[in-house]
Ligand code: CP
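Next comes just one chain, in structure tokens: the form predicted on its own.
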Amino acid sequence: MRHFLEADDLSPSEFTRVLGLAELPDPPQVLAGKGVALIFEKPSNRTRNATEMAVVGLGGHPISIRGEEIGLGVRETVEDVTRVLARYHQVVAARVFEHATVEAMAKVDEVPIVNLLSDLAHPCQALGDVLTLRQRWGALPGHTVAWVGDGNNVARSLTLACSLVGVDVRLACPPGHGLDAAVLDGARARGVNVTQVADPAEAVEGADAIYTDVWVSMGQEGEKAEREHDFEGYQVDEVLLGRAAPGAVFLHCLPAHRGQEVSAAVIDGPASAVWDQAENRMHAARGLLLWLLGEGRS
């Protein structure tokens, strides 16, 4: 039984295989007549639509379940909910508040568990991001992605995913908002260059892609004023984009706040790949499900 809780739950070769499966024009209908449970403790636009349509694309029936409908850890234990859903579905995927929730699901080990987002990681987003970059660049090794902003779950999964495909990463994060050293060291151990600095201009200099995210994520609304102060000077605008390599790509996992973490001229401009990213969430999820269900695995 294999689970996908973080990007590096896959080996480099497995990650690349999933990307290949994501691009199949006529994928095998491995879920024909079968279900996939999608649990949402947090609401979502892209994740729900992308994952439901990925299941449909494999012939399956997605069932989306709101967190309050099952009350993970309240009405029933996480383990009991997982055991019940495993009797109906081929895969259980969950968008949760705490990473410990998907870890508890995976320990049941009856069906593959997919982390659709947790406070620690967003690996399905990273799959879609790398797929987008591969479509833009072709070969991935030798390129550099610059992250500007919060060292959050998206930044963590992106850094680990890039390390699996030979892409260097430079992170520019305000003091106190960076990635843990253990994450950086884990990515470096795969032979890529990973640096973390405070200056966005230093991080993006000559980079092939610039990625940012909101400054105030869901659940951080009480920190809004403090975080907006901390992230002053971290907006990706045309001046910052101009320091990147010619033809650099702009990425954002969405939703975006124009005029805050990114200018309208950048996200709506010719460098932006954000709509391809959004679409590739669906293709990446389809490739992941194919792989988890045994397609192309020895």
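We number the residues from 1 along the sequence you see. All figures in this text were calculated on a predicted structure; none of them were measured in a lab.
The following text describes the form predicted in complex with the ligand, which does not appear among the structures shown.
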item	value
Partner proximity in the predicted complex: residue 44 to the ligand, non-hydrogen atom cutoff 4.5 Å	yes
The ligand contact at residue 125 in the predicted complex, heavy atom, 4.5 Å	yes
Non-hydrogen atom contact residue 281 with the ligand in the predicted complex at 4.5 angstroms	yes
Residue 156, heavy atom within 4.5 angstroms of the ligand in the predicted complex	no
Stretch in contact, per heavy atom within 4.5 angstroms of the ligand in the predicted complex, of 258-266, 66-74, 226-234, 44-52	44-52
In the predicted complex, the one of 245, 254, 30, 56 near the ligand [non-hydrogen atom within 4.5 angstroms]	254
Partner contacts for 63-97, taking the ligand in the predicted complex and a 4.5 Å heavy atom cut-off	95
